[in-house]
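First, one chain by itself: the form predicted alone, in structure tokens.
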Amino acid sequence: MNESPLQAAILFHVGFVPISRTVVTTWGLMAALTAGCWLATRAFEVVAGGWQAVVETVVIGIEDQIESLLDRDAAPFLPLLGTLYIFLTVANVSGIAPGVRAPTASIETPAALATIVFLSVHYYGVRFQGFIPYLKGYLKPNPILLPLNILSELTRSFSLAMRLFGNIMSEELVVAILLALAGLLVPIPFMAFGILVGLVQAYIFTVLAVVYIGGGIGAIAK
């Protein structure tokens, strides 16, 4: 085991670049999700039925949630936020599989996802408001608050990453301790609770991403 939850387990090197267990797990989940999405959507028809209806229900549910928060068409945001939610849902609960540690239980994955959200806020802000009007937003309500507004952008991204990391890491740690002390059956209720935690954290992370983007485009007050 790692000495610290913050320490990455290095499996191999590509040249001088270390490849950690978290990276390999993430690659595996990405490949599985890509293959699963292709298989699930390759036979879609005009009239939805069976599995297609389930997939469309999930997509429409995510779309409706984005539209309700931003009060505008969700189409420009759906590829990013929909992918983010689906990946987080699978990544957070992947730790229940034997021998798999959820990538979101390692600090680098939440940090990378929070960075994507941070950059997306500025991308959509400039795209919808224009470069100069978007920058002027950091001078409101008073130009003297510019440093605090910039600091707020950084700290909320840090908080976004640490919230996800802390919840998933602590849940996996508790289950691992119980498994070591009590055997196989006792941790099962905690594993079920861990699935619930993973689903809730995926939802919270995605909703916060929507809120931050909404602030960037001016749809939600910062």
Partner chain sequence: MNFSWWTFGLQAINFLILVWLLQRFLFKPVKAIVARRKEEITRDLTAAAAEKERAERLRREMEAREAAIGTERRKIIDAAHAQASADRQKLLADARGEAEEIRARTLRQLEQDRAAAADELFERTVAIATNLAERLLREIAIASIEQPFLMRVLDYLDRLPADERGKLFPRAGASALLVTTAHPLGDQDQSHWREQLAQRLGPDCGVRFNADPALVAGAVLTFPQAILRFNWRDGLAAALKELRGDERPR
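Positions refer to the first chain, counted from 1. Computed from a prediction, not measured in an experiment: that's the story for all the values here.
This next part talks about the form predicted in complex with its partner chain, which is not shown.
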| query | finding |
| --- | --- |
| Segment that reaches its partner chain in the predicted bound form - one of 149 to 157, 172 to 180, 188 to 196, 57 to 65, heavy atoms within 4.5 Å | 57 to 65 |
| Site check T83, F87 and A111: each within 4.5 Å of its partner chain in the predicted bound form by heavy atom | yes |
| Touches its partner chain in the predicted bound form: I107 (any heavy atom, 4.5 Å) | yes |
| Contact flag, N142 vs its partner chain in the predicted bound form, heavy atom cut 4.5 Å | no |
| is_contact(Q201, its partner chain) in the predicted bound form, heavy atom dist at most 4.5 Å | no |
| L78, heavy atom within 4.5 angstroms of its partner chain in the predicted bound form | yes |
| Stretch 11 to 25: residues contacting its partner chain in the predicted bound form, 4.5 Å heavy atom cut-off | F16, V17, P18, I19, S20, T22, V23 |
